[in-house]
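Next up is one chain by itself, shown in structure tokens, the form predicted on its own.
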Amino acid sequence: MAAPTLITVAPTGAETAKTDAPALPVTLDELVATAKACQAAGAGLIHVHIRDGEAAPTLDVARLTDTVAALREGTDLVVQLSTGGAVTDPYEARLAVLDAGPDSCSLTCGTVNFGSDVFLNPWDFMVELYRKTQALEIVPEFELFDVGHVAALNRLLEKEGLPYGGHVHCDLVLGVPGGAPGDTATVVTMARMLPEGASWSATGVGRSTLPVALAALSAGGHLRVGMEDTLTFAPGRPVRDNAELVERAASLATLALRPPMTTDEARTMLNVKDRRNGAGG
């Protein structure tokens, strides 16, 4: 029997305005309600960006800490904070995200054009962020937007050793204007380049959502979905909410005989430190 599927939900992101997508969760209450619905639909991990009181993207550590606590209280999802933030966020603020004590965090393995912007991730910043994850016992998810990012990941592991927990987990982020295309050939190429024993999910941005999801399932990968990555469910039909995207991913995984992982299975696969209330860790 093939391994079950880790479904990650990325509900908010840093690019979309609430006025353009009313279902986008931007308050803490909206985010927790979304997380509960997505866990019930089959998600095992939530990838979190937060907004301030004006619904603008922020990396405020106090808000992040409150968000992590609320998600732990309201759900059993693995809580992963974005260290990418918005493309304009300074390196110091991105490093400080880890002080909020998440289970996991994103770690992008290289610079990439991001539409008309540039998402900067120079080598020295990658190393500093990686060393901080090791010191704070936080499991990184290596975000790979292009083929060269996989080479950078392998270099990072060779020079700095394994991540906390000993397991390498990656996310192929495909279809970003300026990054690798969201198609089957790219999924297969990048997956074959990953370190031996690594697990991986795949994110198809925009129109590439379904092609990437189907390719990932057939190649043994996991899925990331959410309104951070797509706002259209089908041509001419906006996404109802994040849970709808998780439900579709869960249906695809079940059809592939790889049903969604439970949150406990997700924790075991990623080997995250148990920071839940009363866990003693």
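Bear in mind that the values here come from a model prediction, so they are computed numbers and not experimental data. Each residue number is its position in the shown sequence, starting from 1.
Just so you know, the form predicted together with a small molecule exists too; it's not on screen, but the next bit is about it.
Out of the listed residues S104, T209, S201, T83, T83 is the one that sits within 4.5 Å of the small molecule in the predicted bound form by at least one heavy atom.
Although the partner is absent here, E265 sits far enough away that none of its heavy atoms falls within 4.5 Å of the small molecule in the predicted bound form. With a 4.5 Å cutoff on heavy atoms, E228 counts as touching the small molecule in the predicted bound form. A residue is said to contact a partner when one of its heavy atoms sits within 4.5 Å of a partner heavy atom; H49 meets this definition for the small molecule in the predicted bound form. F119 belongs to the set of residues with a heavy atom inside 4.5 Å of the small molecule in the predicted bound form. Contact here is defined as any heavy atom lying within 4.5 Å of the small molecule in the predicted bound form, and by that definition each of A14, F114 and F145 is a contact residue.
Exactly one of the stretches 147-155, 188-196, 132-140, 106-114 approaches the small molecule in the predicted bound form with heavy atoms within 4.5 Å, and it is 106-114.
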